[in-house]
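Okay, so here's just one chain, in structure tokens, the form predicted alone.
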Amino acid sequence: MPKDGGIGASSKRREDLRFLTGRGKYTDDINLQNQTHAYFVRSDVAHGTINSIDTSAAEAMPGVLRVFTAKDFEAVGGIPCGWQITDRHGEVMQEPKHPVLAEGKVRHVGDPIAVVVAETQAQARDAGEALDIDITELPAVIDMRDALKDGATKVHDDLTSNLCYDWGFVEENRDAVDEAIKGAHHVTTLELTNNRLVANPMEPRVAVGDYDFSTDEHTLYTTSQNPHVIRLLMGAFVLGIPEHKLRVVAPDVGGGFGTKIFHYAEEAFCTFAAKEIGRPVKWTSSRSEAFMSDAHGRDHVTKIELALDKDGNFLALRTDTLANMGAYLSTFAPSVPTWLHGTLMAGNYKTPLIYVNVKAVFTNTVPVDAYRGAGRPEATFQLERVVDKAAREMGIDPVELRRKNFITEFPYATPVAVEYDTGDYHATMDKLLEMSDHAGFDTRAAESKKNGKLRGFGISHYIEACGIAPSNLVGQLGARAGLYESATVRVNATGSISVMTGSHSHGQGHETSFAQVVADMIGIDESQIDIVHGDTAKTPMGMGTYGSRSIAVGGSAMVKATEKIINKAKKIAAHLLEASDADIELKDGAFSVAGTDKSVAWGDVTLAAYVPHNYPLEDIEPGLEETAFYDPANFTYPSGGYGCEVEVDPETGKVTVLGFYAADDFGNIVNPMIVEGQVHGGLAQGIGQALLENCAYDAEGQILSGSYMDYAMPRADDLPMFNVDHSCITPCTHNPLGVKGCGEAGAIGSPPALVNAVIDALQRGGHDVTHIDMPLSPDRVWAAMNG
């Protein structure tokens, strides 16, 4: 391959041409012939009994075709949960029904009660506002601690309590951890909150349902990160549609961040209603609607204890967490605070004993599920905050305390049931200190002091588990789906290639980076390769994109399929060159006989595959198309060291981020430019959580931050220019590309680094402040400084 292409090249993202020129095709751009519009009427109370719904006035309004309520869905299933947790007592979690439309009760503000379908969106909205709905408001339970008290209002009357599960991990470590903490030289304790977030992708959710009476086929166009999973869940568990009669299409998707992984009621409704009405049905979320209908993220309350010996060696770690599930179980919600969180509590450190307890709680709030990082940011925040606090309590430099406890030998089996295959945490720490000019910090701090400001520097080290797998393991852990990925590589007669992938791109640059992988393997130009994704009618069954799995799992499936292509093409080339296929080499798009000047071009071989005039049909069948499914043997484990330098204004409490530094180990890199962009995006979201973002409820369950007037998204002037590096490379040992994943790293490592920096600044300024909960808004920082 030329130096300007293939694996390792910063090839420009081919998809950006259509996005930057307004030629992308998003779900809301899809308008079908004879289309109707849906308007969801949602609860304005957090908890209440539905006494009656009078639809007569709405049904008589202009353009109204039908009003749907829960009684129309009596024959269908509820929205399914994709992961079942078994608790520390051996009991399966409590799993209430999640109806498409509220049945008998509403359980959070935004819970859908009824849907009007009309000729236009405006007519549907007007009729929705004319519905007469009688609801008796009931006490709402919002705080997780209150929800677990004896006699607390129950979110679901048919459950025994508001406790979804009480999970302990690793249960056999529990007594040993307790004893180690009792006998330790020093124990650092920290109570913290991981604040609730709204994902806020650029494109709100949209669903368009269509039905073809002539073939009995349903089609759903939707803003999804995993269309095959939506087809499986909705077809099999909600609407009872055979998979071969249900097509799900996710075209260009403007960001997901986890919130578009899940199967939502609106998707099931539009698919169902299209057949009932006999016309396509379209729903487009408003931004304010998204705040109360899209799954939220994070929302944990934790007590963490770290035991150390007199020299600062970690002895044991114990955590107790309350995790908010909201009113219903979203698709992957139960797995986030358990298997995606508890298994990462070792972090980068060789702590010999760890015990994690998580109580998942139902409340009258919007359901909570995976958000960029999903469990890993929560684990890293707890761990890196308590390590920093321990360093200050013991008078040990935070850098040196981490170094003392870093894992240095690999593979390393943690006490929380995962095995890291490779890594070099000292290297990422060294790179971080170099990038940030850590040695010159004191000089910069003195300058800030002259200007009346407090300067601080904070670090964090993270590790995450990406490409969740293997399927046989996650099945034992409660996953109700496999976590493999698929690819079909179709070589055309003229040598161009279509690659159909079960992964989905919603900003990751798959159309560029996936093409680089295949082009590099064959030695042809990337422009000859087309990446097809997002349509269950065109792609093999796949699990979609989340958890930084795309290149590690989806890319590996492509490698496996392309290897099959190359092996078959070598046989054809051997026949054309009158040689043994064992002697055929492929390089720069040509097949040659080793040790000779005999060769045949890639295009000549592909043409022979489809025009087999001179072809050993008895040995090789015509055509050149192969499919592979790849199920990883283990997670991949990206890691890194992050540093943040801040200034705090003691008069106002305002925090200014002066510099942010990220030294990551992502294994081998396919496209450095795309990797850098992914890290930048994650950093923006992590800093947003640490400084600005917070989804707040009042005691009655009303969302106080239900629009951008009250929910502070990070803006350009809130962020510094990022300094990122991914030159510390320890390749993954168990996938063919040696890659690890990069999409979530920035959101995982940045919040604790920023909070640690602010605490450092305050303590340097003489303030006895050991912790401030996120977001570190000026009023919170000022209040902490002033007692």
Partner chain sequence: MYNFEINRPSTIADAVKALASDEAQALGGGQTLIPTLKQRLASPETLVSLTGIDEMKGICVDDDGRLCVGGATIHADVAADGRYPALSAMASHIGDPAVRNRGTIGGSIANNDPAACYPAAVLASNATVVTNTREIDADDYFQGMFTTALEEGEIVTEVKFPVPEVANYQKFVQPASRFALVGVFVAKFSDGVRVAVTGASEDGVFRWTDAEAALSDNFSADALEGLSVSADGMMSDLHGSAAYRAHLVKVMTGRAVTPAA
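Positions refer to the first chain, counted from 1. Note that the structure is a prediction, hence the values are computed from the model and not measured.
The protein also exists as the form predicted together with its partner chain; that form is not presented, and the subsequent description refers to it.
Taking the partner from elsewhere, D16 is found to have every heavy atom lying beyond 4.5 Å of its partner chain in the model of the complex. Contact check for D150: every heavy atom lies farther than 4.5 Å from its partner chain in the model of the complex. Under a 4.5 angstroms non-hydrogen atom cutoff, its partner chain in the model of the complex lacks T302 among its neighbouring residues. In the model of the complex, its partner chain lies farther than 4.5 Å from every heavy atom of L163.
Judged by heavy atoms within 4.5 Å of its partner chain in the model of the complex, the contact stretch among the candidates 498 to 506, 630 to 638, 687 to 695, 416 to 424 is 687 to 695. The partner is absent here; in the model of the complex, the one residue of T656, S705, N357, Q528 having a heavy atom within 4.5 Å of its partner chain is S705. Scanning A699, A122, A439, A446 against its partner chain in the model of the complex with a 4.5 Å heavy atom cut-off leaves one residue, A122. Not one of D28, D210 and F272 is positioned with any heavy atom within 4.5 Å of its partner chain in the model of the complex. The partner is not shown here, but in the model of the complex the stretch 760 to 784 reaches within 4.5 angstroms of its partner chain through a heavy atom at P778, D779, W782.
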